[in-house]
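As structure tokens, one chain now follows by itself in the form predicted alone.
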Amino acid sequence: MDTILSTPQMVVEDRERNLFRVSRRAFTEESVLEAERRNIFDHCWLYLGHSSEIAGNCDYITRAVGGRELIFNRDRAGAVHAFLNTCPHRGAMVVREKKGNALSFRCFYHGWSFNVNGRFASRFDEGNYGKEHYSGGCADLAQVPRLECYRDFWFVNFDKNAVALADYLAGAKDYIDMVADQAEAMEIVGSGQQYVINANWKLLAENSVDAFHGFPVHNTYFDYLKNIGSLRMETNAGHFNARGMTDLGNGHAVIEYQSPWGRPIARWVPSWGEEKRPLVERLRQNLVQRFGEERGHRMAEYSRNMLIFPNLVINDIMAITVRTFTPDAPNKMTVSAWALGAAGEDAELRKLRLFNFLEFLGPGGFATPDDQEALENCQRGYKNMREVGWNDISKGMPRQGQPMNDDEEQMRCFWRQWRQRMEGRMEGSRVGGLVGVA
């Protein structure tokens, strides 16, 4: 047996032999998930929501992030907050609605009330509580340790000593810019989707930037696009070649490629009809005027699948999808996805955007059920891990120069960061043998 397959380590990279292996224990063991919660989800920046979801003063949404229940809201002055959605009295969730607009929050259990800036707002008769109860802040809603924003994308961090969000995002900022700059303002459209996949969360992290599986798994979708006239495979639309895969730092990665499908931002396809072509062309010209020929063309013609470590995916493809996934168990995750579009865009283009979003990326679309079956099939296959215990993520390692889209370097970026974070904080942990580099 190859010694690389007999090591107790979970991530092994042998650069001399161009081998990269991940133990299937990383996808199945409860102790690994416990360590991930402590070492990754407690210290990384995690996506909370978009500014457009709380556009008005006193708007709020509730959301589960990093294993916590949170309130994401604006106060009366428009300042943005993120509070832990638990009453300081007995711990009940204060806000039970998914979204709304409120001047205050009131816990239904014992009636404790809070202003939208989190301050305790109830006043009880004298003798119930001492004055320090009101002045010391111990009765206020607890805020998350860190809350920061980049281009209307809000993130939280439960580590008060974490690096600034802008530093954490590193090279991902440029790709977020290409999404945020598609219109004067962008907005989340509708309420989003939520569904469960019976597979480990890291399988979806890999899948989201894995071009290698595209044609084998989603060939039905490509056949469908071809049949209805929504597939444009020409490569002479400009002199810009496919950009391949880019390591964005800190475990983030992106694959970029010339779009074969229509894009509501500025890429027309015949199935949309000739009457929409002038409108789409005007959008393209606007991008060129604002950002120059090369960047404008790139924003219009190219698609991007980006993973921001650990669990945020922004797919700027036939529609813009913002997706997060949260581990519930080693073999179960909850996925949340939202469509992002241009605020005030043409009604017909909005209709196309939402159709594209649901057609490919919705829970009942062409892609998501395929991917769900693939990931759950992997999880079922891990029952054989005592005999076949390793995943291979070596594709493209011998390649010189820029990796190709269908290489696996983007997954290796994720796993190197996973390895570093699990290793760097593993003292005293029950999980051993996580890393190895030869």
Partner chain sequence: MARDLTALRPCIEDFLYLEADLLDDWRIEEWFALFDEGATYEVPPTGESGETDPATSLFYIADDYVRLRERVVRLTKSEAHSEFPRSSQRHMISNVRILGAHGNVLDVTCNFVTYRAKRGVVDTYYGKHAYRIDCGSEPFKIKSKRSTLGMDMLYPGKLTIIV
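Numbering follows the first chain given and starts at 1. Not measured: the values here are computed from a predicted model.
There is also a form predicted in complex with its partner chain; it is not shown, and the following applies to it.
For the candidate set F291, Y109, F355, F212, a heavy atom within 4.5 Å of its partner chain in the model of the complex is found for exactly one residue, namely F355. Out of the listed residues P270, P363, G78, G171, P363 is the one that sits within 4.5 Å of its partner chain in the model of the complex by at least one heavy atom. Note on the interface: of 125 to 133, 245 to 253, 333 to 341, 305 to 313, the segment with non-hydrogen atoms within 4.5 angstroms of its partner chain in the model of the complex is 333 to 341. For a residue to qualify, one of its non-hydrogen atoms must sit within 4.5 Å of its partner chain in the model of the complex; all three of D223, K351 and N377 qualify. Within 4.5 Å of some heavy atom of its partner chain in the model of the complex lies at least one heavy atom of I228. In the model of the complex, none of the heavy atoms of S52 sits within 4.5 Å of a heavy atom of its partner chain. Although the partner is absent here, V179 is not a contact residue: none of its heavy atoms lies within 4.5 angstroms of its partner chain in the model of the complex.
Its partner chain is not drawn, but in the model of the complex it has a heavy atom within 4.5 Å of G190. Using a 4.5 Å cut-off on any heavy atom, none of the residues of 248 to 283 reaches its partner chain in the model of the complex.
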